[in-house]
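Consider the single chain below, provided in structure tokens and representing the form predicted on its own.
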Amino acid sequence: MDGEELTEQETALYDRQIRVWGVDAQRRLSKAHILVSGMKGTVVEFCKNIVLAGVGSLTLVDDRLVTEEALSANFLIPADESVYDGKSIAELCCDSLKDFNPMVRVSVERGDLTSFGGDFYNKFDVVVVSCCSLAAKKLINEKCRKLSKRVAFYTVDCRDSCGEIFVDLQNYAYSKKKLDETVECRLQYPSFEEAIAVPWRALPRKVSKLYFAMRVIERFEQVEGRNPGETSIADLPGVLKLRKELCEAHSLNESQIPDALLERLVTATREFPPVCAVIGGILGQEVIKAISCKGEPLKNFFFFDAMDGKGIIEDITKPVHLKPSSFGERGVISL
């Protein structure tokens, strides 16, 4: 992402944000290439934000056709059905995003991300996936990690009034302001597979209940062979049974994963647009940080629940030394 300077046209168009985060950050953004898969409400909010910020290119992957559910939270899909003409959701979103900022190259890629090789992922600086199975998240993350260059990897999921973001920046260096000086910092991130493999009993007592609940739902969908979000109230007994099994295996009290929370996640699988805006905004902010290498990024999970209006950052990382105090850190953001 180093090299070329901003053009005169870019400098004029992005003048206001250059005043906020500087010319170097905007230059990095304008040279960044982002891949996004799963054009649901939260991802659509992210795409809008990142296109307006002025990234170099955005590639969309979502071969699904438009459904009533897709229309409920995706404002990029035109209301006029006559323009659909067999187009995929990604293609319709692509047409709309180009109108937001003509200077950003927006394109569509067809196919299953899990079948693409390293050469494909090597074209990007950031990969964001949504609506992915547990196996797909692990596989795509691993493909990004095997590349010779660092590719930032994110997963994002939103169910009704709850949302989760996972971040893997691998070995990441950044700068931040401390009093009157700029300090260089470095963070080491685990992969998605490594993070969720940390034993639950080893985590701090106050880890977000959403973390555990999302893992239960994720595992249930995997065991049952379901696509993400393909659950209903009829599945609740099976989900509660799996929770019991997982809690016993991890020596965790079942009260850490309330029945009411699991019921919400199982039954209310559609996205809630106001929550999409919050999660998509946070994700956009984090990706801009990762590209610009300015500001402290979140590590490595972010959770939001509209029921209490709080955003919670959880550092779920396997420690080098097995000391209780070494497991993760926690931050709460009131939104």
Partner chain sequence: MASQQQLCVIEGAKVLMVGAGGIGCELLKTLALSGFTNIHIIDMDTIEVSNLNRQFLFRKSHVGQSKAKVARDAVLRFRPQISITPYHANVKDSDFNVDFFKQFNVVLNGLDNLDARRHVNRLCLAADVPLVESGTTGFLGQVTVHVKGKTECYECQPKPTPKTYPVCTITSTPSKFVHCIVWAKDLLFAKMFGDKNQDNDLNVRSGDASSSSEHAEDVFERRKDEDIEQYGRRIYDHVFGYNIEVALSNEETWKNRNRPKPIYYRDILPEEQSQQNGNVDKICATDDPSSVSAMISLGLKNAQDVWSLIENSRIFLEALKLFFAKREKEIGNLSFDKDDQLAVEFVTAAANIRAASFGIPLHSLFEAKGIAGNIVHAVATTNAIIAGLIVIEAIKVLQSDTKNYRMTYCLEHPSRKMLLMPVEPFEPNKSCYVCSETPLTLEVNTQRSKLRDFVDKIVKAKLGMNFPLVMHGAALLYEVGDDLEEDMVANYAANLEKVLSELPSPVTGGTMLTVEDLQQEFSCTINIKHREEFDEEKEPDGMLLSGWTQASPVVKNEKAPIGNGGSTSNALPAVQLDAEDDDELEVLPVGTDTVPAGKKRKLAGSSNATTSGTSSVADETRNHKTQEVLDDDDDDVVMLGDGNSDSSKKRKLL
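Positions refer to the first chain, counted from 1. Keep in mind that what you see is a predicted model, and the values were worked out from it rather than measured.
Just so it is clear, the following notes concern the form predicted together with its partner chain, a form of the same protein that is not shown.
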Query raised in the report: Any chance 16, 48 and 73 all have a heavy atom within 4.5 Å of its partner chain in the predicted complex?
Result: yes
Report summary line: Which of 184 to 192, 128 to 136, 203 to 211, 109 to 117 lies within 4.5 Å of its partner chain in the predicted complex, heavy atoms considered? The stretch 203 to 211
Query raised in the report: Heavy atom to heavy atom, is residue 249 within 4.5 Å of its partner chain in the predicted complex?
Result: no
Query raised in the report: Does residue 78 make contact with its partner chain in the predicted complex, using a 4.5 Å heavy atom cut-off?
Result: yes
Requested in this report: Tell me, yes or no, whether residue 57 is in contact with its partner chain in the predicted complex, where a contact means a heavy atom of each within 4.5 Å.
Outcome: no
Requested in this report: Report whether the minimum heavy atom distance between residue 99 and its partner chain in the predicted complex is within 4.5 Å.
Outcome: yes
Query raised in the report: So which residues in 166 to 192, when you check its partner chain in the predicted complex, have a heavy atom no farther than 4.5 Å from it?
Result: 179
